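Each of the two blocks below gives one form of the same protein chain as structure tokens; they are labelled structure 1 and structure 2.
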Structure 1
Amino acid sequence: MTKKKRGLASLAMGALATALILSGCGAASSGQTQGQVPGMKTIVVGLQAEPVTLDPHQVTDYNTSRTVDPMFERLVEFKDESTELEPGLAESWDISPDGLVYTFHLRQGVKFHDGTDFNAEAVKFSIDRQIDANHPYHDTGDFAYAEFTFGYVKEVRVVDPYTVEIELKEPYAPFLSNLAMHSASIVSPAAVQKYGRQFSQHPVGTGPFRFADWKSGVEVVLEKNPDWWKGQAKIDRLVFRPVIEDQARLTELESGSLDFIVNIPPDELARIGASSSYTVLRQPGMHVWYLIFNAQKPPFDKKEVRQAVNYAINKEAIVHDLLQDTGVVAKGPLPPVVWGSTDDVKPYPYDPQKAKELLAQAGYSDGFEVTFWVPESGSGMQQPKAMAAAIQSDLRKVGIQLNIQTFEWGTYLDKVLGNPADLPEVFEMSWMGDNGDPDNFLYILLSGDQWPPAGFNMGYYKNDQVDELLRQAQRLSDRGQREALYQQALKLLVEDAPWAWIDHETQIVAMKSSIKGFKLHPTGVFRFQNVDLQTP
């Protein structure tokens, strides 16, 4: 592609700069949430952290995507409770026999929140803005997902006002699924042209809810779109509030200032679930929590050391005792709910003696000392500080000393997405799948083609055999053939141990029982357009 990305570091810094700008203009002086408004149906959602942007093309984290998604739509969408595709802003589409040209027939009569028309020009603008370095509005954002989502796009052509063609450089099987991701959201060209980089604070899409207000550190307020092409949502307002501490979030739910929360403290789940005042929903997650080893820096440039750490961590104890079975132990990087997953891999049971033997083979019989970065909270990070302490204790038993350094989530993202020369030997991370395709885990996170700034292989791991298998899988349309290739790649990856994978979190939310019709989605986004509030 023609775009030369500036890098994930600039994305993180841009996001933090946005937060600083917002904190200087428009923050509520009283610090009070708007909360409920008499006569208006409102749901107040408690998130783990504040969104870092409201531009869907710049989204990289869970909390941000949950806030942004209600405002935007895409050509194709995931069905409720599934990653199967259905028509969205495109009523239908055709794919050429060679798999290179996708022709989308667009829905007519759809308006953006600013009153401008949705059409083929808006589709072309939304893609070209991200991938064309010469596009006049390419400098309005830092698009971390652009390479992954649109890296195979050769050209976007407007055939007529409601027909658009997207031509690929070569066949790419996950492409349609990628078009249902946040980075493929269709934005208002007029709004981007009006606000420039400040579009991240003035988002305009076609979705069921539209932007109303953002008070930095306090809340983001959305209101229903009265002109949504599917009809109006049943609730009037959505309010997203950052409440960093899990216990504080639960306290605010029980006090009534929040209606819906994520990441309930595991010890409290049974109590909350037993109360008629609340509804708790669970769903197996497309999630993995892991330690990233810096594969370019000793001692983790040696496979035996990486394997030793996997043996040394008592993953079962973390999941059962610390997380109270709110996840399942990970056997590899791909969640079991994602097709392509296999149990036919080499396991890493808890075996400190085996870990010591591998360390000795690698020349570290006396162990070693390294820096370990840990966030205080964050998207999909579960109990990051407590998990870090448990891992530190386990590794100390085999002679490995982890020196923990903790950071606030925004700062943490800035650092792990920054200069690779500044990365420590090991750090925590999590990933939630965007589209239900194995490519969205294995390629973007572990391919040698996806070293930053191209993707999110932040440990700078590379295995030529894995890379070739993942590339082959992208070019095939037959799912059975693709699955066989991914399973071969998984066996190599588990043997090579580029990460220490710990668990796959179960997606859990708690809400007031007055909220009716909410359904969890495998991608982790929240869909409130069909939700209603039961009045007393």
Structure 2
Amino acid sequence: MTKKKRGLASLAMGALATALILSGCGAASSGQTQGQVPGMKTIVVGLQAEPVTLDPHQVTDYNTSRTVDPMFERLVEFKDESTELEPGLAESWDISPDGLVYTFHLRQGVKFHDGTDFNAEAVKFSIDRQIDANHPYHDTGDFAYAEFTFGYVKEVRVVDPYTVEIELKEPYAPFLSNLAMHSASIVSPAAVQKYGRQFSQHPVGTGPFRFADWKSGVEVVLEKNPDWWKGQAKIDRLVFRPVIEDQARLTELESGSLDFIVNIPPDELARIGASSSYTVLRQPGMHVWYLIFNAQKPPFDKKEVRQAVNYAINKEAIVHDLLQDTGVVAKGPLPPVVWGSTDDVKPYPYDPQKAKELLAQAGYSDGFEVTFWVPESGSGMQQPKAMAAAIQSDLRKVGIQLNIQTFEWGTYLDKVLGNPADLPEVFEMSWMGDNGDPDNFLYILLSGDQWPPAGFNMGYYKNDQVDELLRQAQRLSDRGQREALYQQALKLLVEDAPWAWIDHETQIVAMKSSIKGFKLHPTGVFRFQNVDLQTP
């Protein structure tokens, strides 16, 4: 998941100031960073921005989740390279036949980084802290994901020190997958009690790495947890550094001050990939990039107009040429790597003639002029400005005039999640899945129940038939039955075209070839516990 909700305006100003200051010198050259230490195996990771917090319950963006993830664990975990589940801090679990009560049998002998014991109380604390407004530590953070993750939780009960029961208000099939998300991380109650709101700067979990240092604007340093229950990580230190400019980040990889980077400019990929000094990894992403039509305003309240835009955009050219095949063309809102996806939906090939016909049918044979909001950058937004200009150029050919307004990412999110009356007719957005469940795309992004602020249906789209199917699918536990419902909903949605979907971005990272054993994960977190560094 990638959408930040709060505190972004201030972050935005900070980021701008930082960009101005750093563009010349680069964060890593400031001399006060820790970098490589002789005798220690260190990996320095270049991210797009600084983490907002180190509290896993407050994670809302990639840069934060990637920094936080190595320090924490959950009851259940995603397997390597997939969103299938495996036991984590819970050794096993039972689900009552009515799908309402989940009983977890916890792993014994696990200790938090501060030496306290992991037990059922810690599980209850970690969940109650987020959802119970009367919990004494509820005010120690802003939990943007609590509603999505635990919205259906009625009660968390400690049965004995190593058994915990979670009761739901109604059956909710994706719940177990939700328990593998960042918001379901188990934190040390003692640390939250000790630090209060400052827990976000003193994170304590059970993960393979523990917190060492955070120099604001410069780096976050993690070191290996020598007492990790699964053994020890092979590398000693992990350093996360914000380098805002994609080009600067790549330069720092090549100059040696970074070992591992994200968001390589597409046009540089071939060159980096051809070099034996670097390893480039790719994996189809749980991602979708789309234009949201404002369903509450003309002209996009008409289905024909929305379909016309889907025909009028040359998606193939955008993905192949502009993005250099760093994604695949989207055929609908759901990425093909997520189950429930189907190819049996209405296709929208590039066909400007068809688009014009549809516009004429809708009464817009002379076209129209609308406002189009675009962010400057943003996690998952790929190349928002260039893509916007390409779309603008395509739509001009069928008579649709888009007037682009660009905003800084933080401001942009505040605006698109703000007052619906101020929304333009069309704007850009992207989404990255959190848990591999289609519910995490279709329900949260397109259900009529998920208009902001409840969810992220930012175009205020509503289709009763789809809503009913999506709700039904939540209540069933059989995956086959759920899959059929999602495919049905998907067909209706693609026909109705609430968005113009463009592509599904491929996850790409580049690293020095001395880093061995790294595997990408569909959720976009980086797992360094099994990674080793080959010494030259």
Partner chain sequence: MERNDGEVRKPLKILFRDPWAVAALGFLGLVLFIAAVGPWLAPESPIDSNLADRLQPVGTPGHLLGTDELGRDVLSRLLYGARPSVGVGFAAVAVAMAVGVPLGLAAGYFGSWVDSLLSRTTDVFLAFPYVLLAIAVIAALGPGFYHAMLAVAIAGIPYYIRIARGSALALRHRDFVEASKSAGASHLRILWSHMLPNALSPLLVAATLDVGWMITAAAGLSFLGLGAQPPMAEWGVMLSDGRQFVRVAPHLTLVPGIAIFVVVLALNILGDALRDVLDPRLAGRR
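Residue numbering: structure 1 sequence, from 1. Not measured: the values here are computed from a predicted model. What we label the rigid core is the largest C-alpha set whose atoms superpose within 1.5 Å from one form to the other.
Engineer: Deciding between structure 1 and structure 2, tell me which is the form predicted on its own.
Structural biologist: It is structure 1; that copy is the form predicted on its own.
Engineer: Align on the rigid core first; then say whether the Cα of residue 62 has moved by at least 2 Å between structures 1 and 2.
Structural biologist: Result for residue 62: no, shift under 2 Å.
Engineer: Is residue 347 among the residues whose Cα moves by 2 Å or more between structures 1 and 2 after superposition of the rigid core?
Structural biologist: True for residue 347: a C-alpha shift of 2 Å or more.
Engineer: After fitting the rigid core, is the C-alpha of residue 428 off by 2 Å or more between structures 1 and 2?
Structural biologist: The answer is yes, as the C-alpha of residue 428 shifts between structures 1 and 2 by 2 Å or more after core alignment.
Engineer: Core overlaid, residue 358 C-alpha shift between structures 1 and 2, how many Å?
Structural biologist: Rounded to one decimal, the shift is 6.5 Å.
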